[in-house]
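Read the single chain below, which is given as structure tokens and is the form predicted alone.
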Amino acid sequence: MIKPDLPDNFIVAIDGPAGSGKSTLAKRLAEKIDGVMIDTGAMYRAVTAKALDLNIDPADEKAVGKIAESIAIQFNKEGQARKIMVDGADFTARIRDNDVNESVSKVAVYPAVRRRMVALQRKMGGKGRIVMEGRDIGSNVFPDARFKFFLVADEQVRARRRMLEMSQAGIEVSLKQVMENIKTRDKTDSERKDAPLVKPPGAVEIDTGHLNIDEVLARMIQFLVSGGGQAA
């Protein structure tokens, strides 16, 4: 832990496209600084999964918006395992299923869903050492975050990472399918009207495609302990 070198309350905002390494690095960084990691992408997946489980068409914006308004989402840590609870049920594995992968990009652009998720995220980030990752954290959710990172990587690298992640979860898909999903998600995220994916002002950009996890993590920690005063 490097806890003595850092204050007790601050936000680390990590943004970037799908497969850039946000979740893995946010988890590792939170462990290093004795902080709490919030996976905001999982929150949008939770809304999508809940809608699907209730037989609601993800294309029905109004109905999905109502789900978002009342949903209860909580991140729990049990030893080294992290779980996402949705209305009291364990959705950790459910949110990674193929039907959720195929529909989350539609759900994530709905203004009502985004407003509700942003409100929940700001509440979650109200106190403590928070490492929050997503696509609009430094630009929209916490624009005044003390530390901001923007992770990037080549499409092929990101697709291979996502494919490996899904394979480890027992989901078999082709590289072509994952590539198409990545491209669709990139286009949707960058072109949506409500808080599109952009590099936040003041964010440190790191290309994770040419570095391993430990190398990226070292750069991020260096930036944190320097107080954000020098580029990683």
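Keep in mind that this is a model prediction, so the values were computed, not measured. Each residue number is its position in the shown sequence, starting from 1.
The discussion below concerns the form predicted in complex with ligand DC, not included here.
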| message | Using a 4.5 Å heavy atom cut-off, which residue among R114, R161, R129, R94 comes into contact with ligand DC in the model of the complex? | response | R114
| request: Identify, from the list M124, V86, V104, A153, the residue with a heavy atom within 4.5 Å of ligand DC in the model of the complex. | output: V104
| query | Which of 69-77, 153-161, 86-94, 135-143 has heavy atoms within 4.5 Å of ligand DC in the model of the complex? | reply | 135-143
| query | Given that the partner is absent here, does R192 sit within 4.5 Å of ligand DC in the model of the complex, heavy atoms only? | reply | yes
| said: Check R28 for me: does it contact ligand DC in the model of the complex (non-hydrogen atoms, 4.5 angstroms)? | reply: no
| task | Look up in the model of the complex whether R185 has a non-hydrogen atom within 4.5 angstroms of ligand DC, and give yes or no. | result | yes
| message | Is it the case that R45, even though its partner is missing from this view, gets within 4.5 Å of ligand DC in the model of the complex, heavy atoms only? | response | yes
| request: Counting only non-hydrogen atoms and a 4.5 Å cut-off, give the residues of 20-35 close to ligand DC in the model of the complex. | output: K22
